[in-house]
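The chain below stands alone and is given in structure tokens; this is the form predicted on its own.
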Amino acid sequence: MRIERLRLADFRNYVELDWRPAPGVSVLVGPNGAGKTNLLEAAFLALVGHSPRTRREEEMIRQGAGEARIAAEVEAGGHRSALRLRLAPEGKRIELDGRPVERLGELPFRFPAVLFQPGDLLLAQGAAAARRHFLDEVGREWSRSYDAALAATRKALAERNALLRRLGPGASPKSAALLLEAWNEAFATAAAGLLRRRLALLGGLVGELRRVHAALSGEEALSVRYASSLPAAGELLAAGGGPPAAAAEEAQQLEESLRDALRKALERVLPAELERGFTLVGPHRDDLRLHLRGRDVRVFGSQGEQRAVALAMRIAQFALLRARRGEPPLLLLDDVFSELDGERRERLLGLLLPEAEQTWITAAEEGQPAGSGALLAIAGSERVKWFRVFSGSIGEVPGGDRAAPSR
């Protein structure tokens, strides 16, 4: 998949832009504040339907303008599509081939994009919520049924939590159990479906994550384990413990086992839930545990090791979706060379050049140590185009001469 043309009007610091990115790798260089990250944000927003940086959509409208517009011409699955997005104070409107997009959840599946940004360091050093969000993000691009199971689980969880808060710590567990019965069943059914799909997802994702991390680090073995808040399901949900896609009968049996385990767990923890006012077991409480040399990366990993693990997670996401869909998603790498040593940078580029159909990489000004050595290593590749971004404009740098951009 690739973007063949991207047009912006009054988006962030871009008054107007009309850019035709080439296949292969586009390296975007320029000073801080020039608009490199904004360009990646615009592409991600057009394809996926939401910004990776903010929930306040009015922030993306250029100061002094009444609205912002993005238009993207996309080739995916052998078909060309036209995406149009309008951001205004009253809301957001997205059109696909001239028709309004009613369900934003459909976009990530049709137009998958993988973005690495500096905040992704939280995947390796942050709380469990960051890694759960990562799994759900990958799952929504991986399967429509995952997206449906996630939505059903969130709805049942919200309703059950609301009832727990209304009942409060003074409620009788026996009476509360009767009142919660319907939402217990709805939550157990939806959550079991989500957990079963996470197992299938992890069956492919973990292998890619270990492979990519080994390629980036050279030799370090990354250990990955899915830690479930559901004790009875711990072994079933061990990452890599099952096939990537179980047969229909096996999947149904697994889902039933998970549902039964969830029912029993909800009964057991009900008194504690009444005290605390929220659901204590289920996929919303789980984590992906990452270890290097037997030690938790989150606690004991160096900044460089954590960044390499976080980057490996995004590249693994890219590789899994490419295998699943038969074509690579758009790969966006923002400030990817920071805190990666020269050897890891070269290994990263060795992974990307043969695998990606279209990749955009932002980098600091040429000559800065954060990325210059790695960038010079790919300067001669025919699959690499260089662009200089400055004050909301972009120009290709011809012939690999990055001293003077074209205008």
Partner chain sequence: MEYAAPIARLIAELERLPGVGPKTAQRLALHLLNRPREEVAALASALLEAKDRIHPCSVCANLTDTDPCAICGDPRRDESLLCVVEEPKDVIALERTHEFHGRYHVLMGAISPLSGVGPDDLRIEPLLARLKEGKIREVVLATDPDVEGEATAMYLARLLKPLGVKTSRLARGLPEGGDLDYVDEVTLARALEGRRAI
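Residue numbers count along the first chain shown, from 1. What you see is a predicted model; the values in this text were computed from it and never measured.
Although it is not shown, the form predicted together with the partner chain is what the next lines describe.
Q: Among the candidate stretches 268 to 276, 198 to 206, 157 to 165, 291 to 299, which one is within 4.5 Å of the partner chain in the model of the complex when only heavy atoms are counted?
A: This holds for exactly one stretch, 157 to 165.
Q: Verify the contact flag for residue 121: yes if a non-hydrogen atom of it lies within 4.5 Å of a non-hydrogen atom of the partner chain in the model of the complex, no if not.
A: Outside the cut-off, so no.
Q: Since only the chain is shown here, I'm wondering whether residue 99 would be in contact with the partner chain in the model of the complex (any heavy atom pair within 4.5 Å).
A: Although the partner chain is absent here, residue 99 would stay clear of it in the model of the complex, with no heavy atoms inside 4.5 Å.
Q: Taking the shortest heavy atom distance, is residue 323 within 4.5 Å of the partner chain in the model of the complex?
A: Taking the distances in the model of the complex, the answer for residue 323 is no, it never comes within 4.5 Å of the partner chain.
Q: Look up in the model of the complex whether residue 127 has a non-hydrogen atom within 4.5 angstroms of the partner chain, and give yes or no.
A: Contact with the partner chain, no.
Q: Which of 305, 73, 185, 137 has a heavy atom within 4.5 Å of the partner chain in the model of the complex?
A: Of the candidates 305, 73, 185, 137, 185 is the one lying within 4.5 Å of the partner chain in the model of the complex.
Q: Go through 95, 181, 220, 260 and name the one with a heavy atom inside 4.5 Å of the partner chain in the model of the complex.
A: Contact check passes for 181.
Q: Could you tell me if all three of 103, 152 and 189 have a heavy atom no more than 4.5 Å from the partner chain in the model of the complex?
A: Answer is yes for this spot.
Q: Pick out the residues of 301 to 324 whose heavy atoms come within 4.5 Å of the partner chain in the model of the complex.
A: Residues within 4.5 Å: none.
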